[in-house]
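Here's a solo chain for you in structure tokens, the form predicted on its own.
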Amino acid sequence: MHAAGLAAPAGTPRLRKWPSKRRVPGSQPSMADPHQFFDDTSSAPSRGYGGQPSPGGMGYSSPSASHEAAFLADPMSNMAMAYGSSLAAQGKQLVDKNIDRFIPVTKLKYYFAVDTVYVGKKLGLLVFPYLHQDWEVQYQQDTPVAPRFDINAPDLYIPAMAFITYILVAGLALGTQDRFSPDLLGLQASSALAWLTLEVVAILLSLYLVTVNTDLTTIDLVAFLGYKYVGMIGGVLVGLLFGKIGYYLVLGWCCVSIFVFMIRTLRLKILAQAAAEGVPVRGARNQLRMYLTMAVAAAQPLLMYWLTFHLVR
């Protein structure tokens, strides 16, 4: 058999094998198959007609963006926003204007206008008031000066800090006696606060019944009645260190001091106003005012002992 016999006939066309085309993911549109009708969009981001990527991701603008733009372009919406802003501003002004009716923020700022020098001098006056001569509160254009400029002016910083310190010292005293409990400490705090509230209400009622026209405010009463916690703290601390003898000595001194302090302070607020009204010194109404001043001053030592005697053993 000849080799030529194995060859294909001359008239038969030879089949040519074309290389297979594979689809490469992520290929650019310019390299796509010419026989492919659509571009491969499985990996490349879709583009709009202008060739720029659209925010919506589908060749169209985002619905939310279009709605926001339409809302801002609407004149009615602009008017509504401006009206709402004006209402908010008017509401804020109304609250700032009428807040003093419920919470006297401006007055409270006055009572906390203190400094370190004032606090030191005031504490010394509370412990040793016997040599102090001028008890008049200073005024500037019918307005009392800030406490940091006048040692006779009442403040709320010392009473507030003294009340908190008294509760902490009471907890310390109960802990040294193995009697501490959160309930007992809360009872101590609520009892002291209840007595202070009862004092203020009783004094205001008494001033109303005696018909005393005075510039003594409720905040002034809270400040003056809160000064007794300073002596209570000293008595309990000394009692913890030196026993009951030290407690009675220090507390007795502080009780006499607060009695003198309250007499000399309140008589200018109650009796001086009566003298300015032309009430006779020996008149019956003036006698009631004097008795009221003495009663308020005498109640301070009693409450100082009542709120501290069980803390020292």
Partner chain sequence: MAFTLYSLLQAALLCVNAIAVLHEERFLKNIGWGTDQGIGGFGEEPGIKSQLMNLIRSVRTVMRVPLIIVNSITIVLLLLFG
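Numbering follows the first chain given and starts at 1. A quick note: this is a predicted structure, and the numbers were derived from the prediction, not measured.
Absent from the display: the form predicted together with its partner chain. The rest refers to it.
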Where, among 110 to 118, 84 to 92, 170 to 178, 209 to 217, do residues come within 4.5 Å of its partner chain in the predicted complex by heavy atom distance?
209 to 217
Is L268 one of the residues lying within 4.5 Å of its partner chain in the predicted complex, judged by heavy atom distances?
no
Contact with its partner chain in the predicted complex for L307, defined as at least one heavy atom pair within 4.5 Å: yes or no?
yes
Could you confirm whether F149 comes within 4.5 Å of its partner chain in the predicted complex, counting heavy atoms only?
no
Although the partner isn't part of this model, could you tell me whether T197 comes within 4.5 Å of its partner chain in the predicted complex, counting any heavy atom of the residue?
yes
Would you mind picking the one in M79, L193, V105, A202 that has a heavy atom within 4.5 Å of its partner chain in the predicted complex?
L193
